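The chain below stands alone and is given as structure tokens, in the form predicted on its own.
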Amino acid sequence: MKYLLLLAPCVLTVLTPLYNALTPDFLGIPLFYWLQLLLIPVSALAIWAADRVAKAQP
């Protein structure tokens, strides 16, 4: 389970052709850039959740 939590942000980051676009923009920032910035806290949450799962297992 913890590996799936860690794999999700990695796969989303690697699949750049899916979100390599200028539109939609957010506050004038193209999709590519704001999605990359959004993936930073998502990755941090996934790492935290994987750590909690690993500590809960004996």
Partner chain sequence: MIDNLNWTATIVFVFFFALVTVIGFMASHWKAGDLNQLHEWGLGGRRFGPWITWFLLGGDLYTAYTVIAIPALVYAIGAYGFFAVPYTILIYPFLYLTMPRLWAVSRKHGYLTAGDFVFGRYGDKGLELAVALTGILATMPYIALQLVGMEKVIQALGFHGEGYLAHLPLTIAFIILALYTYSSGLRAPAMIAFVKDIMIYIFIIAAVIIIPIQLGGFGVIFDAAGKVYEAKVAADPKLQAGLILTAPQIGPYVTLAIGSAMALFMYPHALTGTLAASSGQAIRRNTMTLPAYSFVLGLIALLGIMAHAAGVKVTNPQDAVPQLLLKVFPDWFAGFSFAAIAIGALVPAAVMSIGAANTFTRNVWKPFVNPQVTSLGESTIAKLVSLIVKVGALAFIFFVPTKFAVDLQLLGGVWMVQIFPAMILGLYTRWYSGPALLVGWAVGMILGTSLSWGAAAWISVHGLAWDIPLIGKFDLGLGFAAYNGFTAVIVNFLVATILSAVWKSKAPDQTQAADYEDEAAAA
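A quick note: this is a predicted structure, and the numbers were derived from the prediction, not measured. Residue numbers count along the first chain shown, from 1.
Keep in mind the form predicted in complex with the partner chain is missing from the figure; the text below concerns it.
**Student:** Taking heavy atoms and a 4.5 Å cut-off, does Ala54 contact the partner chain in the predicted bound form?
**Tutor:** Yes, contact at 4.5 Å.
**Student:** Looking at the partner-bound form in the predicted bound form, is Leu6 within 4.5 Å of the partner chain by any heavy atom?
**Tutor:** Within the cut-off, so yes.
**Student:** Heavy atoms within 4.5 Å of the partner chain in the predicted bound form: does Pro24 have any?
**Tutor:** Contact check for Pro24: no, nothing within 4.5 Å of the partner chain in the predicted bound form.
**Student:** Considering only 25-39, what residues come within 4.5 Å of the partner chain in the predicted bound form, judged by heavy atoms?
**Tutor:** Residues within 4.5 Å: Leu27, Gly28, Ile29, Pro30, Phe32, Tyr33, Gln36, Leu37, Leu39.
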